[in-house]
Structure formats: C-alpha cells, structure tokens
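Form predicted alone, single chain, as structure tokens, below.
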Amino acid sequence: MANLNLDNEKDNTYDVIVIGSGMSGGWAAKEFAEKGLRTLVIERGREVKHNVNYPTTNLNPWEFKHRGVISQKLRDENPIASRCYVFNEDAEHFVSKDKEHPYVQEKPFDWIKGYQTGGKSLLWARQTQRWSQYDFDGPGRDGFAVEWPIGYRDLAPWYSYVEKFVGIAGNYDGLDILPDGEFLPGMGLNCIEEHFKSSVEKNYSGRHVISGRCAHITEYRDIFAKQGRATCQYRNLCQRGCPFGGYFSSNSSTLPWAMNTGNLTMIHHSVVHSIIYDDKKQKAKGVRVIDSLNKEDKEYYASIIFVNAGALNTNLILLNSTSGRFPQGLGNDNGLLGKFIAFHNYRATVSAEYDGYTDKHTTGREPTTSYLPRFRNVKKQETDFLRGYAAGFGARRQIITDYNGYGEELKENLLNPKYGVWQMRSHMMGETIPKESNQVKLDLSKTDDWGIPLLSIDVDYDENDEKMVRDYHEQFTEMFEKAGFSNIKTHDSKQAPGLDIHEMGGVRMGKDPKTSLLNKWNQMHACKNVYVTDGACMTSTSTQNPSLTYMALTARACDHAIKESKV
C-alpha cells in the first residue's frame, strides 16, 4: 500500500498547479507550459473546446426556440444569473446557474459566474484600457487604501508583451491618463460620436473622447495565425464563442497554445477544496480537489501554485486552506484575507437624442464603443468624493417600422422602415473604494454539495458612490447640452454590486505584510510559493475594465516564479 501511495503521489505531481482556466489562469498555463514546466490546470466546470462546444455560434435568429429570449421557467429558477446581460438563449449555457454554487448574501450581491474551460473569458466585454501611473498613485495619494507596491513602469513592458499576443485594436491617442499600447488598427467613431468628441474638446480641458480599445484582431499577424485565429468578422455575437477566434479568449488562444507544447494537463469537474500546507517545509505542497461528479477526494502536488479561480472563489479557497500554521486561512497572519473587496459602479446611465445628421446612419456592427477616460480627481482632489469614473458612449439611429394600414398600404409600410433621430447613451464605470467592511468570509454553518463552506458576501455601496453617481449625471447632462443633444434623461438602475462582474480584492498586494497579503510579485508574503494574479490581488480598482491588467500581472508573476525556481 505504501508503494501505491508513493506512485499515486508521483503520478499527481507537477512543476506548477494553476487553479482556474479563465483570463489569468489561461495566461499562467501558457507561460509555464511554453517555458517547459509540467503544468496542471484545475477547472471546476465542464470542458468547452474552441470551435467544438459553441452550440449557438452560427445559429440564425429564427433558429432559436424562443427567438433568443430565455424561458420564464429558466428566468424564475435563476433570479441572479438572469439579471446578467448575456443570460439569453444564445449564451446562457456559459453562465453558471444559481443552484450550481449557492452563496450567502449579507447584503444584495449578484455574483455572476462562468464555470467551464476559459471561465468568463468567453463572455467578457473585451475592453482593454491600460492603467496609468495616476491609477496606481490613487490609494497612496488619497489615503483610502494601502499603496500599490508597483507602478506603471513595472507593468508597462508586460502590458506590451500581453497585447502583442492577444491582439488589441486601438488608436494612438497620446493621453497620459490612458497610455497607448501595442495596437492593431483601431476602430473609428461615427458622426455623432465625432460630433460629441469635438464638443467636449471645445468646451473642456482634460476631457477626451476616444474609440475604446478592445481585444479584437483587426489585422493579420503571424502570431495570430499560429494561434489559429483570424481577423474579427464584426458579427457582434462574441458571447456565443467566436469560431474565428476574432476576439481573445482563453479557449481560442492561451490554453490551446499551452496544450500544443505537450506540457499542459487539464482536468475538469474538479472543485478545489483547499491548498495543502506543509508545516515542516513551511510552504504549500499541493491542492486538495473534490471531483464534482463522483465527489471523490484527490490531491495534486507541485512546488509552485497559482490561484486564479476568479476573485471571490480565490478568497474562498484561501480562507478554506487552514492548517496548524494558518488557522485563519493560508497566508492570513494579519487577519485581512477576504477584506477590502471593491468593484466597479455601473449603476448610472444618461440617454439623449440629436435631431441632426439626418442624411447619415450607421451600417454594420462594431464590437466597441467610444470611451471617455476618467477626468475627475486625476491629478489632484477636486470634488467632495474620492477618485472618479470613466464612461462609455454610443450612438445609433433607431429604425422605425410603421405597422399602420391595411393591404397594400400595410405592405408598403412594412417593407420601408425609416430611420428615426439619433439616440445616444452613456454608462458610468465608477471606481469604488476598498473598505475593510466590504468583505467575504466562510459561513461554517452552511456547505455546498461538496462539503465546502459557503462564501458569505458582505459588500455594499457607500456615500462616496452616491456622490459619484450624482456627479456623473450632472457632468454628462452638461456635456450633452453643450453638444446640442435633447431629451436628456438620467437613470440610476440601483443594481446590486456584483452585476458589474468586476469584483476585486480580498488578497491585496502591498508593501507591508502587516497590511497586505501579497508582495510586488503577487507572492503571498507568508507562503512564497503561492501566487494570486486574478482580481483578488487588486489593491484598488481604478476605472478601466480589469482583464488586461490581470493578464499583464500574471505574465509578470510567472516570469518571476520561473526565475525564482531556478535559484
């Protein structure tokens, strides 16, 4: 029996274990596998192969049983998931159902999850704006969180490294608040967006309207052909999985790249219970997993462990990784694990109309919108709230069909729809402040189907967020008025945190082990062979969509881990 156990341990031993196969986990798999390390990726969900398991990708609208809308029964069974904008008939199979992973809501929180190969990288909005030094300086300057242990200079070369592989469409805008990157040809603005851009530039300094940079291939490059990816076809059906690989996902890019090295092993239906800590060697030695189908326990071993389970699941795994050395969770000497959770505030929108450019209309589809980088409190404190917001902006002409009349008149009306006035809409992307009271913890009285304690989420807005919403409404109303827009309407959805799908923190980076969990290389201060590079590592959120930054942090941390392993 002893030999059998030794053989089992040997068979289950790798150089690296990566927990999670989403945006950052896929990058960790790629980096380690192509550098020759035997890499195990553990995914709790089912397998979704690129171009094999995209069941709706080429369906026409009339081929959907419910014309793209989910049934009332499915909606009733999933009140949380159904609030997500991608939970429709074409993509609901990529969104985890409410009963698949219950959690405790101390306050309303819509936790949107994607448990399959690639995680939510199949579903993301594909916006890829870099952080600037102003974003890294925020916590230290304003004193609302610990200082970041890195700055823009540390991450800039890794942004470039990632962008060249991912494929980022963007224009060289020359803005210090939103640094340029390694861009493919960018996408343009339509006539109304150009009109708004001109008006903003005329009336305001420090405010800019640009085309949002996005992870879509707009020009052939050998590196994309080697990945088996082609240029974006502008279908705007990305959430179904793209058969062309036109937008970046782990499924189409990093995971097959890693698999082709022969160094990657990937297991599915494997729920991580905890990370195993070796008290004698004073480091983590492996991962305990529960097979989600047969509920059997298994253990896997490695000298390097990357935790990329998604921000809140990463917190859950670390909190559940208790040992004699770490009774409060792995690396949790300071008791801060699970605290200082933050997110992006997407509650506010402003809409308007413009009765001009009646000789123009848009054609085709574009997978991005125009974008206004943050202009509040960038270089100094200007308002009665901390930090600020970026905003998306889009415009189109409504097509109006007249259903009146009978016979030939009705037929004529139906066959000749007419364009209405231009309609505009902007949405806010606000930075929330990480607070100790915004936290997650384990509810030891409740467990899931695999005996793991449920995650209890206690996260909410605060007065700073309310002031920011009011300011966004005021500023965009003013900018819309100056642009000559009419019928301006403000709206606050009052949606719960979580629906932004940008939850971050709980295992934050920092300079001091007394106030942070990770050092400047994303290593746990108290357990150096464990790295966290998904959203859980974020010290603050800034306003940009975070995935590009997660990928750059991951590539940088992998490089460090590989060099450390050779010392």
Partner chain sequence: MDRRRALVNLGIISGGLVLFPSCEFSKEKATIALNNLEINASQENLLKEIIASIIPNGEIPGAIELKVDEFVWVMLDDCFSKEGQQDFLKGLNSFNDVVDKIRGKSFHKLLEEERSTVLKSIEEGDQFDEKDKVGEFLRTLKQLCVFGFMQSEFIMTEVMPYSLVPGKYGTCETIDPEKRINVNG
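Residue numbers count along the first chain shown, from 1. By rigid core we mean the largest C-alpha set that fits within 1.5 Å across both forms. What you are looking at is a predicted structure, and each value in this text was computed from that prediction instead of being measured.
This protein has a second form, the form predicted together with the partner chain, left out of what is shown; the following refers to that one.
> By the heavy atom within 4.5 Å rule, which residue out of 362, 127, 334, 377 makes contact with the partner chain in the predicted bound form?
Looking at 362, 127, 334, 377 one by one, just 362 meets the 4.5 Å heavy-atom criterion.
> Just to be sure I understand the contacts: of 447, 328, 358, 203, which is the one whose heavy atoms reach within 4.5 angstroms of the partner chain in the predicted bound form?
So the residue touching the partner chain in the predicted bound form, by this definition, is 358.
> Indicate whether residue 262 is a 4.5 Å heavy atom neighbour of the partner chain in the predicted bound form.
No - in the predicted bound form, heavy atoms of residue 262 and the partner chain never come within 4.5 Å of each other.
> Report yes if any heavy atom of residue 225 sits within 4.5 Å of a heavy atom of the partner chain in the predicted bound form; otherwise report no.
Although the partner chain is absent here, residue 225 would stay clear of it in the predicted bound form, with no heavy atoms inside 4.5 Å.
> Though only this chain appears here, would residue 220 touch the partner chain in the predicted bound form if you measure heavy atom gaps against 4.5 Å?
Although the partner chain is absent here, residue 220 would stay clear of it in the predicted bound form, with no heavy atoms inside 4.5 Å.
> Using 4.5 Å between non-hydrogen atoms, is residue 409 touching the partner chain in the predicted bound form?
Residue-level check for residue 409: yes, a contact with the partner chain.
> Using a 4.5 Å heavy atom cut-off, which stretch among 499-507, 524-532, 29-37, 54-62 contacts the partner chain in the predicted bound form?
So the stretch in question is 54-62.
> Relative to the partner chain in the predicted bound form, which residues of 401-431 have a heavy atom no more than 4.5 Å away?
Counting only heavy atoms within 4.5 Å of the partner chain in the predicted bound form, the contacting residues of 401-431 are 401, 403, 404, 405, 406, 407, 408, 409, 410, 411, 414, 415, 416, 417, 418, 419.
> So that I can tell if residue 205 moves, could you say whether its C-alpha shifts by at least 2 Å between the shown form and the other one after the core superposition?
Superposed on the core, residue 205 moves its C-alpha less than 2 Å between the shown form and the other one.
> 2 Å or more on the CA of residue 414 between the shown form and the other one, with the rigid core superposed, yes or no?
After core superposition, the displacement of the residue 414 C-alpha between the shown form and the other one reaches the 2 Å mark, so yes.
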